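Single chain ahead, by itself, as C-alpha cells, in the form predicted on its own.
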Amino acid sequence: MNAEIIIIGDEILLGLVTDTNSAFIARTFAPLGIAIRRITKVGDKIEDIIGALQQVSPDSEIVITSGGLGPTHDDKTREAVAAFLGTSLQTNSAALDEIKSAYARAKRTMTDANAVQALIPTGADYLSNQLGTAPGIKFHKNQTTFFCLQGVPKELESMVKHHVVPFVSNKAGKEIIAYRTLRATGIPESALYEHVKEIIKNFSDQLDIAFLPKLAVGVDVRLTTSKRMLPETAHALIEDAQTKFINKIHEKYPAAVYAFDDDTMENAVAQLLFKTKLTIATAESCTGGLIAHRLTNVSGSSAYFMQGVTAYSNASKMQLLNVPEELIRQHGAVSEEVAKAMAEGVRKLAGTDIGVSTTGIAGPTGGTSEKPVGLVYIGLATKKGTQVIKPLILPFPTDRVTFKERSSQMALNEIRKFLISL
C-alpha cells in the first residue's frame, strides 16, 4: 500500500514551525507495510491546497493532510476539499454537538468562529477529535482515501491512532517494512562508521542503513528493511543485524548503545535506577538544572530523584553545597576540585546514593586559553568514591543551549555507565 502526506501551513514554509507530523505518520505506517511515496508542503492558500490534492498519484491509496482545520480565517482546508470534490460545505450536526460538549466540559463559552469547524464537505465523513475541537474529515475519490487531520501534533497523533490505523490495518497487505534505531553516544559519526562498515557490507542487499548524527546526544544508526517482507522474516532480520551491530560497536566502545528507536537517555538511566533502587541528587552550574529536568521527565521519578540544586554563583556553591571558598579561590569554579566538592556536597545534603555535578564554561564569553569555552567537568559521587570526568571539547563552537544539552547527556551517560557496572 502506498501513501502520501500533505502538510499545510504558511508557518511551515516560513520555517517558524518544524514539521514533525510527517515523521510521525511515516514511522507509524512503516510497520504496517505502507510506503510513503511523497511528502508535499504547501501554504494556506486555497489554490495551493487544491493543487496539492490534484497532484496526488493515482497509485496512492491513502493520503493524509495535516493542518488548516482551525476556526480562523486562515484555515482553508475545509474549503479546499469542498472545491476539490466539487461540492459545498454543510454543518454536520454530530460534529457541532461534539464541539459544544467540549466547551461545556471546559466550562467555556463557544464562539461563532468555533462553529465553523463543524462545516464538513457534502459526501465526506467527520472524524471525532478526542483532544481538540476541530474534527477531522474523511472522504474517498477514485481509488484513494483521504484523511484530513489537524496540525497540532498531539491531536494528529491521536487521530492517526484512533481513525487511520484501524482503517489501513484492514487493508494493508501481510508484508511490512521493519526498522530499528540504535542510539549511541560518545562516538563520532566517522569513527562509528569506520568501525562497523564491514557489517554494513554484509547486510547491503537486505537493509538500508543510515547514520544520523545529533550534536548534543550522539549518533543514531537506523536499520530499515530494503523491501516489504513477512513480519517474522523482517523482525528476524532486524534482530540479527541489531545484535551484530551492538556486539561490534561494544568491542571498541563498551556500553555505547544506550537506547532504541525513540527512547531517551533519561529513560535508560531511570530504568536502571528503578532496578537498583538507588537514589540520586544533582548539583548543577553550567547545565542550569537540565539534568534534574531530564531525570524527572520519567513517570515515577520520585522513587529515585531526591533533590536538585542549581548553584550558578560561587556564593551558592559555598552556601548550599559547602564547597570551600579556598577551593574556588585556588582552582576556580570551573575545575576538577570544585566539581568533586559539588557532587559530594549534594550527595551529603540529600542523603542519596549518587550525587552528580556539572561546572563549565558555556560561552560565548568567559573562556581563556587554560579554560576555553566548551570546557565542562562532571562529578559523580557514590559510596565507591568520587570521580570527575572532563569530556573532550568540541573542535568548533556551539550555542549555549547545545552546550547544556550535550553536557547533560554526558552526565547522564556517566550515571548510566556506573549503574551498569554494579
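For clarity, every value in this text was computed on a predicted model and none was experimentally measured. Quick note: we count residues from 1 along the sequence shown, nothing fancier.
A second form of this protein, the form predicted in complex with another copy of the chain, is not displayed here; the remarks below concern that form.
Quiz item: Each of 62, 92 and 260 near another copy of the chain in the model of the complex, meaning some heavy atom within 4.5 Å?
Solution: So, no: the whole triplet misses another copy of the chain.
Quiz item: Here the chain is shown alone; which of 176, 298, 168, 327 has a heavy atom within 4.5 Å of another copy of the chain in the model of the complex?
Solution: For this set of options, the contacting one is 298.
Quiz item: Among 334-342, 126-134, 229-237, 80-88, which stretch has residues whose heavy atoms lie within 4.5 Å of another copy of the chain in the model of the complex?
Solution: Contact criterion met by 126-134 only.
Quiz prompt | Partner proximity in the model of the complex: residue 255 to another copy of the chain, non-hydrogen atom cutoff 4.5 Å | solution = Result no; residue 255 lies far from another copy of the chain in the model of the complex.
Quiz item: Should residue 305 be classed as touching another copy of the chain in the model of the complex when contacts are defined as heavy atoms within 4.5 Å?
Solution: Yes, residue 305 lies within 4.5 Å of another copy of the chain in the model of the complex.
Quiz prompt | Proximity of residue 200 to another copy of the chain in the model of the complex, heavy atoms at 4.5 Å | solution = So residue 200 counts as contacting another copy of the chain.
Practice problem: Indicate whether another copy of the chain has at least one heavy atom within 4.5 Å of a heavy atom of residue 244 in the model of the complex. | Solution: Residue 244 lies outside the contact set for another copy of the chain.
Practice problem: Select from 2-23 the residues with a non-hydrogen atom within 4.5 Å of another copy of the chain in the model of the complex and write them out in sequence order. | Solution: Counting only heavy atoms within 4.5 Å of another copy of the chain in the model of the complex, the contacting residues of 2-23 are 10, 11, 13, 14, 15, 16, 17, 18, 19, 20, 23.
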